[in-house]
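Presented as structure tokens, the chain that follows is alone, the form predicted alone.
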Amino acid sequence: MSHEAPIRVAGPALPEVRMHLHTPSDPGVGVVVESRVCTARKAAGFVRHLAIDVSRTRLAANFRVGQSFGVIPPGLDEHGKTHKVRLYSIACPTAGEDGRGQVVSTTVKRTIDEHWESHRLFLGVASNWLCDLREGDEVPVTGPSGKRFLLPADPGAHDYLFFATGTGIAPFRGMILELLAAGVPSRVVLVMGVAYETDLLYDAELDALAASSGGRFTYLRALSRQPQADGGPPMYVQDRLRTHGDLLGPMLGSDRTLVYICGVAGMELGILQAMARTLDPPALEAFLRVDSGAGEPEGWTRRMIHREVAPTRRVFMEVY
């Protein structure tokens, strides 16, 4: 490995946040006020938008878009202990779904799987419980959590390129709503990746936001297992760097632009590889420090990220 001095790229100042106002031993009690499907009816999975009134908790007016909150499923686990907290990304602006910070929302996908060895059906404890809830049901909540995956303290000083897959759309829905409502001059581009068109989350809502944004917000889809709506071949989110180079190239060449990545673990590697293949060295250095011993992007692995291939502070990643 090379021992050359690392490239220092300043990141944006982030706002201060409050965290862990409710802990697992001292949860607040939220109340479900909305639960709706946020995919097409024929989607391969079941995903719901869940809104929870937290006005009786310390989360009220104390969470920020980009943070997470926790829920505690009822009952006991296989060891007879209370279920552990599950964290869910906040899917609304800092002002909440209600505009006053009293209602927080998230995006929940039911986990339905089969155990490899026993062949027995496995149902996710928290996801299925949350999706089963109806208006008026109570939810033990904790948090908020997270202080890095945030919009900057001065959001109007930056442009934004968001890459999402699946329920990784949750924080970006809130961020996009917040940026557009603030009337900042920022350019915002979302690249949303799913397998099939029916799996797209909040699709009609995002389309409407793009249409009413006056050109400030661009919504790009990337379908990996079917042709695109325009007839293009199947592709992953990183392929939009190639198909929309005229749009994304100038953005990534600007010192205003920040890159956010959220979704299934592994997606970040493909995006970083695509950036390395498509950006000129000066533009790439603003987002990625590549060690001289890293080799060609095709040979990179996830284990190299943050080591031989280190994102700068202008890249925000949250993968799971």
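None of the values given here were measured: they were computed from a predicted structure. In this text, residue numbers run from 1 along the sequence as written.
Just so it is clear, the following notes concern the form predicted in complex with a small molecule, a form of the same protein that is not shown.
Among 115, 225, 242, 100, the residue placing a heavy atom within 4.5 Å of the small molecule in the model of the complex is 115. When the small molecule is considered in the model of the complex, only one residue from 247, 209, 157, 125 comes within 4.5 Å through any heavy atom, namely 125. When contacts are judged by a 4.5 Å heavy atom cut-off, residue 217 does not count as touching the small molecule in the model of the complex.
The shortest heavy atom separation between residue 257 and the small molecule in the model of the complex exceeds 4.5 Å. Taking non-hydrogen atoms only, residue 57 never approaches the small molecule to within 4.5 angstroms in the model of the complex. In the model of the complex, residue 68 approaches the small molecule with a heavy atom inside 4.5 Å. Comment: 86 to 94 is the region of 173 to 181, 209 to 217, 192 to 200, 86 to 94 lying near the small molecule in the model of the complex, near meaning a non-hydrogen atom within 4.5 Å.
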